[in-house]
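One chain comes next, on its own, written out as structure tokens in the form predicted on its own.
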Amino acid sequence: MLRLLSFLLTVLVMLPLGQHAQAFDLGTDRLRVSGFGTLGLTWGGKKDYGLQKEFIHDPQFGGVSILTDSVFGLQVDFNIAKNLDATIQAVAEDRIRQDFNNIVDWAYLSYKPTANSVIRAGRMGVDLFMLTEYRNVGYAYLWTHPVIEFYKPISLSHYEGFDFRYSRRIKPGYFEFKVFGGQTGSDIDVGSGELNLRMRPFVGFNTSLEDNDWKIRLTYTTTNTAFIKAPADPLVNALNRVPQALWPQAAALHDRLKGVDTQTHYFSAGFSYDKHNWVIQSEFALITSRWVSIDMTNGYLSAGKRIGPVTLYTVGSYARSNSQPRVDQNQIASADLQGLAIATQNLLNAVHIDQNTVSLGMRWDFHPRAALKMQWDHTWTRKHGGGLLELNKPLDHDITLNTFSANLNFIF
């Protein structure tokens, strides 16, 4: 109930801004106010295995929730001077931490030194996905929610820094190249509490080529985990204090679990096609890191067919950890370390990911600025592979989950 009241209060605070900005006529097109929203209903999760579409949200252990998919946003674009613009976007959604820092998703300046280039600085969307610019704008994509197996592991909505984008028309299509850098972070919900994560430097590039009907995109990013405050810190620190002679493996396990001061590399490729009433989109990624929680590969393939104003679609997706470290009991020379060894193995099992989902859905564009969607997700999660779920108890067997969601998406 407190989450619902907090979400509604945030929306109410934001609404006067949008109404005032639209009513206040400056007699110029230099100021533009736009907005978006999703009103959603989601049924999902089980008593011991919680549905969580992003780590920033509270999990759903069965029943129906209006907070899982609901979001409201306002964006203000202002032309300060020739070739210089400012953008601010505020987003109200259910989060484990509601404060001004999280509500303001974008706040940046953009400058066009030439017709083919743009420089931006400030707070901007983390540009790792096909949905980067509209991850919160449900109207802009086909499904009721971004694909969990692909988008949830990177629950980062923005970063502070800069980017430089160059684009031009070439013979195959429209070419774009972007380089960016800065710092990022998130406050996320994990099984045993809140995890605070800060990553810097956060640098990378992406390039894309598109025409009227198709787009291909490649991305590379690298970052270092500068700060972590996590519920598992006492256990990880205890591993670091174990004498090498008593448990030689403890140091290696600490290195895989600590996260902080760990370099991570992210590679992804995306493709979209929209022609002859067919809508196809796919993304695949490889994340390499010593930090076992995010060392993984994931991807999805989505296909839809338009029949008048209705689009029927299906999605297949997966996420899988690249490795599964295990405690070697034969290396433990002291019985006093057995409790720590069991807790370490339980943590390794809890962060391991091995999950697939098949989805069926329908989108009805009943208005030029609004759409209704319904979707069913059937998820298989393997034994000790529930790193994308919220677990009330160890996942010591394979499970299946069914999730039903329906929402109204709109823009204005």
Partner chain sequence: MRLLFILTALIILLPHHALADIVVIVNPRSSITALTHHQIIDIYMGRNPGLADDKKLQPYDQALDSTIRSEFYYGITGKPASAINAYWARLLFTGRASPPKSVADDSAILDIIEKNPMAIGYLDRRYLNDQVTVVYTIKRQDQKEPDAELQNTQLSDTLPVTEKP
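Please read all numbers here as calculations on a predicted model, not as lab measurements. Numbering follows the first chain given and starts at 1.
The next section is about a form of this same protein that is not shown, the form predicted in complex with the partner chain.
Asker: For the partner chain, considered in the predicted complex: do all three of S34, K178 and D213 come within 4.5 Å of it, counting heavy atoms only?
Answerer: Checked in the predicted complex: all three residues contact the partner chain.
Asker: Heavy atoms within 4.5 Å of the partner chain in the predicted complex: which of the stretches 368-376, 340-348, 383-391, 50-58 has them?
Answerer: Of the options, only 368-376 has residues within 4.5 Å of the partner.
Asker: Heavy atoms within 4.5 Å of the partner chain in the predicted complex: does A140 have any?
Answerer: Answer yes; at least one heavy atom of A140 falls within 4.5 Å of the partner chain in the predicted complex.
Asker: Closest heavy atom of A115 to the partner chain in the predicted complex, within 4.5 Å or not?
Answerer: Residue-level check for A115: yes, a contact with the partner chain.
Asker: Answer yes if any heavy atom of N237 is within 4.5 Å of a heavy atom of the partner chain in the predicted complex; otherwise answer no.
Answerer: Residue-level check for N237: no, no contact with the partner chain.
Asker: Answer yes if any heavy atom of N277 is within 4.5 Å of a heavy atom of the partner chain in the predicted complex; otherwise answer no.
Answerer: Yes, N277 is a contact residue.
Asker: Counting any non-hydrogen atom inside 4.5 Å, which residue from D77, E160, D233, D328 sits next to the partner chain in the predicted complex?
Answerer: Of D77, E160, D233, D328, the residue with a heavy atom within 4.5 Å of the partner chain in the predicted complex is D77.
Asker: What is the one choice in Y313, W247, Y266, W106 with a heavy atom within 4.5 Å of the partner chain in the predicted complex?
Answerer: By the 4.5 Å criterion, the partner-contacting residue is W106.
Asker: Scan 113-134 and write down, in order along the chain, each residue with a heavy atom lying within 4.5 Å of the partner chain in the predicted complex.
Answerer: Stretch hits, in order: A115, N116, R120, D127, E133, Y134.
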